[in-house]
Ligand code: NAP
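Take a look at this single chain, the form predicted alone, given in structure tokens.
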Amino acid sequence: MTRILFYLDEPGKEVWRPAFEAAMPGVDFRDYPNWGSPDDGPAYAFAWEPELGLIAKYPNIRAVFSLGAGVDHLTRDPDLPADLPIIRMSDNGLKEGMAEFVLMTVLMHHRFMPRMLVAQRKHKWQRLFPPRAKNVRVGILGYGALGIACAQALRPLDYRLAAWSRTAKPAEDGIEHFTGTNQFNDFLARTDILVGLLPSTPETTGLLNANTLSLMPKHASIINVGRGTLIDLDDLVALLDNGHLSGATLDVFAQEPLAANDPLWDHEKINITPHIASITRPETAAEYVARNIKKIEAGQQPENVLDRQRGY
């Protein structure tokens, strides 16, 4: 019998048990703190922001699945066993949700919707005329499974698409690829709407700052749906205030939730969403976990295992 040790300290978590019971008939689903004893037999953890040191107390855990796409909530634990496989979430529901959100926000920035909303609040009849999509250069910063899904959603609208990744990706029609640090500046310089999808690593922390953001064309805009550590927010605000950048949509922050008294809430050029760009859906996530557990138990390599050296 497969054991799932589940950890989620949020309202509404009761939906996860039936999802796993449907995907894995006969599963022994244990919601924290009712994990039982490590002597109960092999188990798999499925968790989001577990207590520090908790995973290490259960050496019977064969692998830990992140409930979301990010894994820094796991890797920040100094007691996490170094040889324990960490599997990143990359189910179809997560990819679909991210593609929907990015498509929506790219269209909003392309069609000047943030500026329209400001004009509405001021009762101002302000007519703005956007360029054709084929003349708008969208850049996807981070081209893993989520980035690919976003590109596929954007491609039918005929945007000029580009993607930056740390390592080379296969050539494909309709996407201009940039790779590595040597091509990073060129990527920014050709991007009118930037979609941030990078994970949180020492190399990506503060990667978008006054120096790098200034390389983008005047009136460019930013959408950050990856990790909050990617952007130096003080530098972003300065470039919004001086007019170099036209707007930003921020879904992720280094500290969440964003404090109620944070001035970002009231900035006219910033749209804030509470880390909901892509929500892990129980049905598809449970199927994803079940599929990968079968691979592990068959001696096969599971999907999307974290490379701890690279951070993704």
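Note that residue numbering follows the sequence shown and begins at 1. All of these numbers come straight from a predicted model, not from anything done at the bench.
The discussion below concerns the form predicted in complex with this ligand, not included here.
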- Message: Within 4.5 Å, heavy atoms only, one stretch in 64-72, 260-268, 36-44, 23-31 touches this ligand in the predicted bound form. Which?
- Response: 64-72
- Here the chain is shown alone; which of I222, L146, I231, V106 has a heavy atom within 4.5 Å of this ligand in the predicted bound form? L146
- Item | Interface residue in the predicted bound form among E176, D77, D186, E203, criterion: non-hydrogen atom within 4.5 angstroms of this ligand | E203
- Item | Contact flag, K169 vs this ligand in the predicted bound form, heavy atom cut 4.5 Å | yes
- Wondering, does H110 line up within 4.5 Å of this ligand in the predicted bound form on heavy atoms? no
- 4.5 angstroms heavy atom contact with this ligand in the predicted bound form for A277: yes
- Message: Check Y7 for me: does it contact this ligand in the predicted bound form (non-hydrogen atoms, 4.5 angstroms)?
- Response: no
- Message: So, a 4.5 angstroms cut-off on heavy atom distances: do all three of W16, I86 and N292 pass it with respect to this ligand in the predicted bound form?
- Response: no
- Note on the structure: Near this ligand in the predicted bound form, with a heavy atom at 4.5 Å or closer, the residues from 296-312 are R310, Y312
